[in-house]
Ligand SMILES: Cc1ncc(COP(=O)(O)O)c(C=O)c1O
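In the block that follows, a single chain appears as structure tokens, in the form predicted alone.
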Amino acid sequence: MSVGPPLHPRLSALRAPAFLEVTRRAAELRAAGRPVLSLAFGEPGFDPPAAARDAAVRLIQQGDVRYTSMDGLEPLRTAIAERIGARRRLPLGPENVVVCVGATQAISSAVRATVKSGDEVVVPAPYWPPYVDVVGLAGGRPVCPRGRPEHGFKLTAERLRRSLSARTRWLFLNSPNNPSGAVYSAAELSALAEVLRDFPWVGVISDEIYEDLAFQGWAPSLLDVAPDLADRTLIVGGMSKGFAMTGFRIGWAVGPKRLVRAVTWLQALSTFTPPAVGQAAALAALTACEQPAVAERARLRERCAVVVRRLLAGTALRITPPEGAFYLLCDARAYIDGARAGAPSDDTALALALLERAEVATMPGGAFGLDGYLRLAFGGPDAEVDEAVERLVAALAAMASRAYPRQTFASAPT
């Protein structure tokens, strides 16, 4: 006999992320003493700014660790407004900003504030898994047009138009993209904006958390090319990626006051306020203009080229070269064969097989809406990434299931 209230049906309907099985098994292997290396997690391999660390220590030592305002410290909101306003040439003030417990909370609160049962949200695949989950929890239906490799896995204007309806409430855009590393060009964003102008009831959640990790140094935003859409666009960002401050848990949502107020109230019902220590650290980093990602972009681009070259030379993986972030999205279908005994039947089985045989953790593409792929994160220490790649090459050579044309490095980053 069950005790207590049953779980909400929307919660039970959520799919368990495919990568949870991989992460659980990786933890078991490490606990057993196996030397598991990870190409699985989106954790920057560089250090947070010294100014941020010093500010956090100073606040703790002073004992001034208390509640802040629900939407975040005003000096921090002002600094964020100035940063985004200068980059996107928008007239923003602190009233246009809410500081959140990471970018994830900003996205979740925005969706819960606006999406009701039966509404649709366009989430281009491949996508970061929480996008579709928060839509489902709100009672909405994710519409997931799948990007094509020849388009860099990016949403085209034609696919967007076919995906929109009278029930659509939001379009998610993520550039640079997790998991593909794709960066939308200004021309591509302009084409999407032309479609959106025909659907004035559709808002845009522009997840720009990786904006400082575009290899060319600049990732265009929708509002760079379509400032007329500002009244229905919410820019989401944070300190986790460009500043390597994942554990400080500071993100933000920037946009129209009515949306910012809604996000603030929902946030107050879950975490009440963002963490004081994280806000102090974020303000110090923004004020000092100390951003490690600026110095890391060249290293990440170089690391990407080295990893892609090695994988293309030694495996049957097919890779669409990324333009930012620190992820490779690899077509691994050459190694998947549900009809052949002993061969992995899907990408999760392949990731688990590589974990056992190569002692390397990877992310199955099905978690990102792209079955048959693997996501590899190359942002970690160079020596560990090199060793992990060599292990993968050896393991994949031993388990190749069928002949598959190899790419040449001509299409990889240089």
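Please read all numbers here as calculations on a predicted model, not as lab measurements. Numbers for residues come from their place in the sequence shown, where the first is 1.
Below: the form predicted together with the named molecule, not depicted.
Only one of V135, L328, A285, I107 comes within 4.5 Å of the named molecule in the predicted bound form through a heavy atom, and that residue is I107. Contact with the named molecule in the predicted bound form, judged by any heavy atom within 4.5 Å, is made by just one of W128, F153, F215, W170: W128. Note that among 180-188, 108-116, 261-269, 206-214, the stretch whose heavy atoms approach the named molecule to within 4.5 Å in the predicted bound form is 206-214. The named molecule is not drawn, but in the predicted bound form it has a heavy atom within 4.5 Å of A103. Although the partner is absent from this view, R77 stays clear of the named molecule in the predicted bound form, with no non-hydrogen atom inside 4.5 angstroms.
In the predicted bound form, none of the heavy atoms of S221 sits within 4.5 Å of a heavy atom of the named molecule. Taking non-hydrogen atoms only, N174 approaches the named molecule to within 4.5 angstroms in the predicted bound form.
Scanning 210-249 for heavy atoms within 4.5 Å of the named molecule in the predicted bound form gives Y210, S240, K241, R249 in sequence order.
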